[in-house]
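Included below are structure tokens for two forms of one protein chain, each presented in isolation as structure 1 and structure 2.
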Structure 1
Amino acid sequence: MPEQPATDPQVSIDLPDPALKRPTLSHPADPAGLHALMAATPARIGVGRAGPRYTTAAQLLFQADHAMTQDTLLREVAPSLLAELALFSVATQVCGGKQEYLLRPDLGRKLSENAKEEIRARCPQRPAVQLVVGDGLSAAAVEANLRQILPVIRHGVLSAGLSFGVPFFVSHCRVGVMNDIGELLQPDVLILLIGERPGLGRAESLSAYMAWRPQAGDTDAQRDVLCNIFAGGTNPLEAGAYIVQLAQTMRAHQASGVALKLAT
């Protein structure tokens, strides 16, 4: 057996994480101001240049952020999280995995026949509020926020004296699936928590779409949305409280989307 080379404890081959935001602009006029700007926005600023090109550091950061986006687009929500929160899982009409899901958004707006049967069997009809979780375009967003926001919504709805339907998870989900669920369960207010499209370096942002008695043919004009729900944006605990308040407003005016704006 060949002799193994000795390891020098003083030598490290680890490199700095390129995904960490740091200014790469040479000789900024106001270094403190640049740091403050970079801390206040996820936009790609302060990267500098080498001639007409990005610097090597900026290019590495772009590649690292792009890899993060690809990872969250292509992976699934952890089954252990769904089990922990007692969410049963159903699917849309997407049968060919994530590639088909990305290429056929129309299939992600329709429940499979098996999903419809399971939802009918497990969920009560006509609850005041029905909550659904969808993976959307970011599994990371669901995993980062669901433990915090779901209990807040459940507690708020029940504390308001409203019935709360059995929540469940929809895989390969698009926002338009709300129409199918509305037709099946006929809730007063339907809430869909769904992972937002990830940006470069930002994968944990969740959205809450809400609608008053959704039905076939409804569009975004009949829906309200609270977006950018994550620890660095709209805090999930605050978002949960606002969602409950908005649900009560929808019930008071029997409207959502544009109609609710006109009513209030």
Structure 2
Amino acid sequence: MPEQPATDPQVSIDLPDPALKRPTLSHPADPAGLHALMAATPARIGVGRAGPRYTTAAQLLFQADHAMTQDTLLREVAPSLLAELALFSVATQVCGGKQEYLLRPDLGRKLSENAKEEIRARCPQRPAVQLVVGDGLSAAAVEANLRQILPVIRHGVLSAGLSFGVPFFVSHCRVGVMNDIGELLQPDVLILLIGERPGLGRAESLSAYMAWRPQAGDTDAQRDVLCNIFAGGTNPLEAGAYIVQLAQTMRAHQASGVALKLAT
């Protein structure tokens, strides 16, 4: 047992939440200018230095954000959200949880037999546009954006006079699952909204991967992607409108991916 200190050292450390954006750089040439620069980007600038290394506050905040991201990685999409948006849920061939999902992307690209049956039973074939939601690498991305983006896409597709298939959710999902879905439902345009891998302290970023008549053997060269969909990136409402527009362009040119790029 260490000896009891004779007197209580008069130290009191009681910190506010450090996640506030303020410069840790001292004596900037243009303080107001520095604030404007920092306001223009979420990137960690204006952080200053101790020799060629980071200031202590900046370094600790970085480490704290890494810790937070690690904690969000293992979450699943809340079933209540899927129920609220009337999405039924199917799974890929991943059955060993998140760890298997991370190490076996091949399984995340294939629908399970149960999933195929359920989709066949519930979804009409050959819609003009089929929407599918996948958790991908971030449940938080789906939760943060789906409520906003889904109605915009549905409404946009319907008001363009196109048929909108019955949307559903795929858990432990990879982008390549689009091929299986394409084979099954044969939509003209397939939209997969999927959680992007989480950044440091940011896990809300959603992507929309899209393809014209996807089928077995297709690769990313036949797909398009709109990424960074979240309030601080491409706003989900705007993204929804853009996705509908892109779906129409795909239909007009009967192509997607590199072929669409060459055609437009």
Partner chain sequence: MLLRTRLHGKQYEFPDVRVLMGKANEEKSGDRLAGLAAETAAERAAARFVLAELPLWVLREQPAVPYEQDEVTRVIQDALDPVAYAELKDWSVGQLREWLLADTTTAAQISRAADGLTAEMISAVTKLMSNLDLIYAASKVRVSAHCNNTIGLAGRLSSRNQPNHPTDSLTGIRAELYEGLAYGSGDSVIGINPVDDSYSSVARLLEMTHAVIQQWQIPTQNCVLAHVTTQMKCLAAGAPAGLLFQSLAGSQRGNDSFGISVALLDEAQRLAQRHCFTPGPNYLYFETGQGSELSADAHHGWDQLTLEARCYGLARRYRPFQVNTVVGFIGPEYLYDARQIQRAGLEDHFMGKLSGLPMGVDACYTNHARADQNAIENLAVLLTAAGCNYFMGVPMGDDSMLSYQCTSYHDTAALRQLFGLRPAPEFERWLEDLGLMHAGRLTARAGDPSFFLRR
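None of the values given here were measured: they were computed from a predicted structure. What we label the rigid core is the largest C-alpha set whose atoms superpose within 1.5 Å from one form to the other. Reference numbering: structure 1, starting with residue 1.
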Form selected (criterion: the form predicted in complex with its partner chain)
2
Quick one: spot the hinge among 64, 106, 232, 102 for the rigid-body turn between structures 1 and 2.
64
Should the larger rigid part be superposed on its C-alpha atoms, how many degrees would the smaller part be seen to turn between structures 1 and 2?
8
How many Å does the Cα of residue 36 travel between structures 1 and 2 when the structures are matched on their rigid core?
3.8
